[in-house]
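To begin, one chain is listed below as structure tokens, in the form predicted on its own.
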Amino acid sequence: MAPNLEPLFSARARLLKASDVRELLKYSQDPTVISFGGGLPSPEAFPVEDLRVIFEELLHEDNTPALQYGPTPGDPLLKNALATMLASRGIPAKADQIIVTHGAQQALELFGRVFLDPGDIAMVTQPTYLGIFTALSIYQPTYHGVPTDNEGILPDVLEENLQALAMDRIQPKFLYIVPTFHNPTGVTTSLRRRRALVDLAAEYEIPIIEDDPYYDVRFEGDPVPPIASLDKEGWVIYLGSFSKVLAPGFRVGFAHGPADLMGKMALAKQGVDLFTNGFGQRVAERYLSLGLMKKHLPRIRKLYRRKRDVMLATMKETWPDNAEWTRPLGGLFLWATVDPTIDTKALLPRAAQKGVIYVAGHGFYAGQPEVNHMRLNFSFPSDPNIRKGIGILGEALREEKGAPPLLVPMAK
């Protein structure tokens, strides 16, 4: 009989909870299930031939340095390449102000380690990327949600909240935001509102954590400058990742910010993993410095635009008239709002029985959720599965309301 270790777990360990998305990822390996759940890139988007060339080069280098231990803040070659990349986005980056992490997710966890004591306020958008709750849960923050609309976060509401907190002598530790192709909604925060955020950060001395993993996955419209590129006083910490433009399996992300913060994060990281995957870092460096990422991005953008368009067209054809959804100009997700009487979490088992899964909107909220939303990923499923799965969800929504089945043939 296996020992019962539960009584020995720490109070902090008891705070750990499974992520809704991580629980659904097991379905992505089941060919009988159409998954709109995880944020998986399409296998078609992996630059396999480029990687083959890079692997050969790295494995034939003298002493194979890519396989050796490396410095905790990151491989110097990659940090220099990242500084150049960020400069192209208008961010005056310095290599010594960059830390390379095991995906941007680890950077979020490190922020919790260096910023948060129990009860401290972490400000987030409403809704927000649910991984922030997983990353920070053991540090026991108090979350303060700031509403959003189709132009992104509402700076006026944020300012009112900051004023109210200041009157009570409460200093939030940071504001976390995904401003470009927001996860989960797909919305991009406007330039006007980004400028307002920079002004508020300086006025109220609140760091902004700008999580920007989808910056290069724009397939429509003009780029909007990162918030960090507008910041002249150093209040914006910029996060990025190679998961969406190279491959998530390498687990290479990064953060750029004030030197003292990066130093503290490096110290915190030492106790966790010593350093980030050295081989993956060298692969990412070659991918950047050889211009392979720039060459590959048009393929990714074309692929994901087509998949988005297939999903949008099928929703228009097969979903109830009172359903609404966002139309993202990039990224991997769109956000659907269904009849207000439908709880998408309660609907999920019915959809799963029909062979389709998604992420119910509940987990993306700090506090009381709005229950009639769902996040749909369009990057991973094949085009035929997008058509089939979206049609099945349309049927499930009609059944939930007792509506008659769709009379027109479903998209093929």
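The shown structure was predicted, so the numbers you read here are calculated from the model rather than taken from an experiment. Counting begins at 1, following the sequence as shown.
If you look for the form predicted together with a further copy of the same chain, you will not find it shown, but the lines that follow are about it.
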| query | finding |
| --- | --- |
| a further copy of the same chain in the predicted complex: contacting segment from 381 to 389, 354 to 362, 341 to 349, 56 to 64, heavy atom within 4.5 Å | 56 to 64 |
| Partner contact for Leu191 in the predicted complex: a further copy of the same chain, 4.5 angstroms, heavy atom | no |
| Close approach of His102 to a further copy of the same chain in the predicted complex, 4.5 Å, heavy atom | yes |
| Contact of Val272 with a further copy of the same chain in the predicted complex (heavy atom, 4.5 Å) | yes |
| Contact test in the predicted complex: Ser88 vs a further copy of the same chain, heavy atoms, 4.5 Å | no |
| Among the candidates Arg305, His296, His144, Lys264, the residue which, in the predicted complex, approaches a further copy of the same chain to within 4.5 Å (heavy atoms) | Lys264 |
| Option touching a further copy of the same chain, based on a heavy atom within 4.5 Å in the predicted complex, out of Ala95, Leu292, Ala268, Leu200 | Ala268 |
| Within 243 to 282, the residues that have a heavy atom no more than 4.5 Å from a further copy of the same chain in the predicted complex | Ser243, Lys244, Ala247, Pro248, Gly249, Phe250, Arg251, Pro258, Leu261, Lys264, Leu267, Ala268, Gln270, Gly271, Val272, Asp273, Leu274, Phe275, Asn277, Gly278, Phe279 |
